[in-house]
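One chain follows as structure tokens, the form predicted on its own.
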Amino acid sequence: MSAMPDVESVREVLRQVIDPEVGVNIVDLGLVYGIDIAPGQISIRLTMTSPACPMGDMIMSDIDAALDAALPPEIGVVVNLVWDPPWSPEMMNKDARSHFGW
């Protein structure tokens, strides 16, 4: 990506980030609540499957690494970890639900 990305291209980058506990990407799991694009900055709102998620730090590091590799350095990224609304399995897309046999 050389220009300012759109929401869908950021979402595609985030699909590279896998929750190592379950082997599904964070977008399909429904962990990404929102992506806002403003001039020179991308803001992402996301959650974890639980506040006690043992892989939270690793997932956040993987998000930073994926975005750093895909975005020009002049674009700032803010990742906000939120707990409201709480994540639930209903937030997964159909591909993720079928991964679990649901």
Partner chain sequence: MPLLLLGMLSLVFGVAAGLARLGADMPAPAAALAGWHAALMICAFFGTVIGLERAVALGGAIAYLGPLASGIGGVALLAGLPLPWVESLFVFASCVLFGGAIAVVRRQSAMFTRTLAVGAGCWLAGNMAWVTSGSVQAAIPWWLAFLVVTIAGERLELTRFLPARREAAPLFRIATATTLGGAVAAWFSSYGLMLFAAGLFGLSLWLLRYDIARHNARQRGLVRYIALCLLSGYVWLAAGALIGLVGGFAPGHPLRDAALHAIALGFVFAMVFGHAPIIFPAIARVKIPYHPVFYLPLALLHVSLVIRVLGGIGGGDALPLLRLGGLANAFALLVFVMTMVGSVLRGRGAGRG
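In this text the structure is predicted, and so the values were computed from the model without any measurement. Numbering follows the first chain given and starts at 1.
Below: the form predicted in complex with its partner chain, not depicted.
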Practice task
Taking 4.5 Å between heavy atoms as the contact cutoff, choose which of M58, A66, V77, I37 touches its partner chain in the predicted bound form.
Solution key: M58
Problem - its partner chain contact at V22 in the predicted bound form, heavy atom, 4.5 Å - result: yes
Exercise for the section: Would you please decide whether P73 lies within 4.5 angstroms of its partner chain in the predicted bound form, comparing each non-hydrogen atom pair? Expected result: no
Exercise for the section: Give a yes or no for M92: in the predicted bound form, does one of its heavy atoms lie within 4.5 Å of a heavy atom belonging to its partner chain? Expected result: yes
Fill in the blank from the handout: Taking its partner chain in the predicted bound form and a 4.5 Å non-hydrogen atom cutoff, the residues of 52-72 making contact are A52, C53, P54, M55, D57, M58, D62
